[in-house]
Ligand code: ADP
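Starting off, we have a lone chain in the form predicted on its own, written out as structure tokens.
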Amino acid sequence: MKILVINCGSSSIKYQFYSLGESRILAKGIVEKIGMKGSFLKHEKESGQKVLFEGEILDHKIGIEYILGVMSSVKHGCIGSLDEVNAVGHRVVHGGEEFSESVLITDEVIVALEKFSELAPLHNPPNLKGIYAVKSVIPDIPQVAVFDTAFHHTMPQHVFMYAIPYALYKKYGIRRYGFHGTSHKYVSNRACEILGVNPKEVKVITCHLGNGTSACAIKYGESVDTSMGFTPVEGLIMGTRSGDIDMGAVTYIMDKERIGTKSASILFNKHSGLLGITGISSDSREIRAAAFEKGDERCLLAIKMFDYRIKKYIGAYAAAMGGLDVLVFTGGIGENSDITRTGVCENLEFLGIEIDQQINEGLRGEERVISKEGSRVKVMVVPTNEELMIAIDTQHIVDNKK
């Protein structure tokens, strides 16, 4: 089955085109600056050859048309016609309590997803734009929604509930949902596959560290806790998101700065995190360069805060699960920053976490066990592959609906 996987942002569309039966990625790429000057499509063929197309891409519908046009073109394409696309899988961030697994997209599902836009206003609206665009351009093709929240539906109630009036949970669905579920599921399963162990028999902590960061406690193959909550702003420190903060501090800032809820949301989602601490950048590479090459004190502070918060969650999740067998790093930072991995694991020897620095140092984007031979906990780097999980789920849903 040939499946197009789409991940829409507010001004971008990432895509990968899979031939699952042959285990091939036929094409991949990204459309950027949708609705802005200088918009373009960067397309990569199966051979690795890359081509760049610049044009006026005013909306997501035109972006999808560009993608499908390149994929079916004589010179740069990988299919003879659009009839070869069997299904489209979409990353959808929030599925609320209604969707605990991937689902075939129908008009009724779209209505439900529109409702959840309030819960993830930065993510679900662009996800829906991709669904609308595909429905408009190739209306008869099956579409599947794969939710970031779905993997975390196994969390028990005492974990996902907040200590607020119960009536607010019943009325508005205010609870911890968790995100990055597709990534956490993939890397935990892949880690167990590499180690030759049964996921149902081990306790795993996965750390998805990128511009968005989250940790997940996975006990015997199921998510039992995760750091992101009602929205993706809770938990670990991120590129521009604050992570955990005292609600009293939030209301105090709003009062002193005389700002409303929309401005507060922008402040804690877009101007906080690493960017807020350093005042320089949300990019950890730039922050590390300023810290270690120029000695910038605020960048050094941001690195310590970032590592400490992850370390604290690892300790908490090991306690919650009653032990730990495998610790996995993934995401752009987790896969590529040996400094971060070292900082996070430092002084965690009491948990059985011991890194082999000869293996860890300089390791970039490669599947590898980085713990010492005698380490009680296996520490690993596993590059994430959310797109593959979306493709597999899409095939499963479409096959079962036939």
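Worth saying up front: this structure is predicted, and the values here are computed from it rather than measured. We number the residues from 1 along the sequence you see.
Note that the form predicted together with the named molecule isn't included here; everything after this is about it.
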For this session: Given that the partner is absent here, state which listed stretch (163 to 171, 223 to 231, 209 to 217, 251 to 259) has heavy atoms within 4.5 Å of the named molecule in the predicted complex.
Result: 209 to 217
Problem set entry | Heavy atom within 4.5 Å of the named molecule in the predicted complex - the one residue of 285, 271, 115, 200 that qualifies | 285
For this session: Would you kindly say which of 315, 276, 332, 125 lies with a heavy atom within 4.5 Å of the named molecule in the predicted complex?
Result: 332
Exercise. Can any non-hydrogen atom of residue 364 be found within 4.5 angstroms of the named molecule in the predicted complex?
Worked result: yes
For this session: Verify the contact flag for residue 39: yes if a non-hydrogen atom of it lies within 4.5 Å of a non-hydrogen atom of the named molecule in the predicted complex, no if not.
Result: no
Exercise. Residue 371 near the named molecule in the predicted complex, any heavy atom under 4.5 Å?
Worked result: no
